[in-house]
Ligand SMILES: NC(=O)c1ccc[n+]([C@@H]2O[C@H](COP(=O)([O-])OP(=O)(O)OC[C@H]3O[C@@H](n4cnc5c(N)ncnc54)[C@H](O)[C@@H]3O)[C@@H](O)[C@H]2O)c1
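This document opens with one chain alone, in structure tokens, the form predicted on its own.
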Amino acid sequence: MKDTGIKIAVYGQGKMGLPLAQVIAQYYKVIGVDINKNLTENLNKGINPINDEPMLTELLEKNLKSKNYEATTDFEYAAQNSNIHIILVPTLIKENKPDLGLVKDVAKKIKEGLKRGDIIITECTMPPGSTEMLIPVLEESGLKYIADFGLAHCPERTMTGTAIRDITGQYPKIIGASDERTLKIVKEIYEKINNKGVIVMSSIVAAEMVKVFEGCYRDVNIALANELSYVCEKYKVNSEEIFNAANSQPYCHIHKPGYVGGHCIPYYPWFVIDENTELMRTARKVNENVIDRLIMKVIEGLNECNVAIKDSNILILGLTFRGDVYEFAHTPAKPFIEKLKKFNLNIYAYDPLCKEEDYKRFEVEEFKDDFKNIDCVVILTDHKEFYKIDWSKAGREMRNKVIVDIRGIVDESKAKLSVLKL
């Protein structure tokens, strides 16, 4: 591999940072930086902590063998031995307010090894203006913004389980840079790793807005889908049938109704919500209220069987927020279980990805038996395994035949059951 002189540090070796580091290390020398010593030691041994990410293990092994990748907890070492610094750590929300503490902490550590000509790139999704808020921290190094170092924002556009695919060409890369020199270098890097190319924005702030707006759009659309599904219920028609027909027209893109989970969409609207964004605030409320509606569906189904929710046996299928991904960020299972417990009933759960400690964390009993004592099954996650369940057989075994399916898993006609949906 030709030595370009570009050496890159990726700060944060989690579910987004590690795949990015491995993709880049096919072309440049990369140092992966993380505060977790056990993680970095394992990475240097070729042990991949993210087993559900296709191709990641192979890339890690390849990049270690070529000596293009190393992992460390030494931030100053990484900063001193790199000239491109990519920050990809979590941006948090506390009481609906952005918390950029982790990003600022990384910037403070980069400052200790910052050199003339260096470029700092933020990839983590942040409120508009956040990248440039790091300028005073970085200038504590004695170097001056633009004159001595550049900034860029290139938001990650990836999902857990498809990160390698997304980084290398599912979508174009968004780039906003502080100056022409910085833009030229950053553009060169991302064009090399992404076969869909780049979209250059007019400013860093414009680039920050792109990813945030993507999340806001989806959140508002899902809220609309939730409300339209309530209308469909009122008229006793199938919402999926209506949505599919409406979406056959190219200007209509109604999403699927349901609870909005994960570490992206439920949080990004709060990066821009203010007194002028009533629609987004309302959408957040509508989507969080899905849990209350879910509880009402359970009660409604049990009442039709002349069964009180108190002392009933409820089986929850799925504790992770998304099908076939071991991730619990903003999972519907957490608030749903918390509200169910107020009814003094028995809660069982099964998730093919979960371990014993996960069931303990949710304070539910792991379901290991057949369906014979179950009054109501609630499907929260679309794991592939759940599609394989013989729902007709399960219905025959259940003590009371109530199924609340918010993921469209059960084919009601084949199961010969009454299935309640949102």
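Quick note: we count residues from 1 along the sequence shown, nothing fancier. Please read these numbers as outputs of a predicted model, since none were measured by experiment.
The form predicted together with this ligand is left out here; the points below concern that form.
A single residue from the set V402, M16, I24, I406 has any heavy atom within 4.5 angstroms of this ligand in the model of the complex; that residue is M16.
A single residue from the set F149, Y259, F336, Y268 has any heavy atom within 4.5 angstroms of this ligand in the model of the complex; that residue is Y268. Proximity of K211 to this ligand in the model of the complex: non-hydrogen atoms within 4.5 Å are present. Although the partner is absent here, H263 sits close enough that one of its heavy atoms falls within 4.5 Å of this ligand in the model of the complex.
Proximity of L102 to this ligand in the model of the complex falls within the 4.5 Å heavy atom cutoff. When contacts are judged by a 4.5 Å heavy atom cut-off, F75 counts as touching this ligand in the model of the complex. Proximity of I8, S66 and E70 to this ligand in the model of the complex is absent: no residue of the three has a non-hydrogen atom within 4.5 angstroms. This chain is displayed without this ligand, yet in the model of the complex the stretch 151-159 from 130-138, 216-224, 151-159, 339-347 comes within 4.5 Å of it by heavy atoms. For the partner-free chain shown, V33, D34, I35, N36 of 22-37 come within 4.5 angstroms of this ligand in the model of the complex, judged by any non-hydrogen atom.
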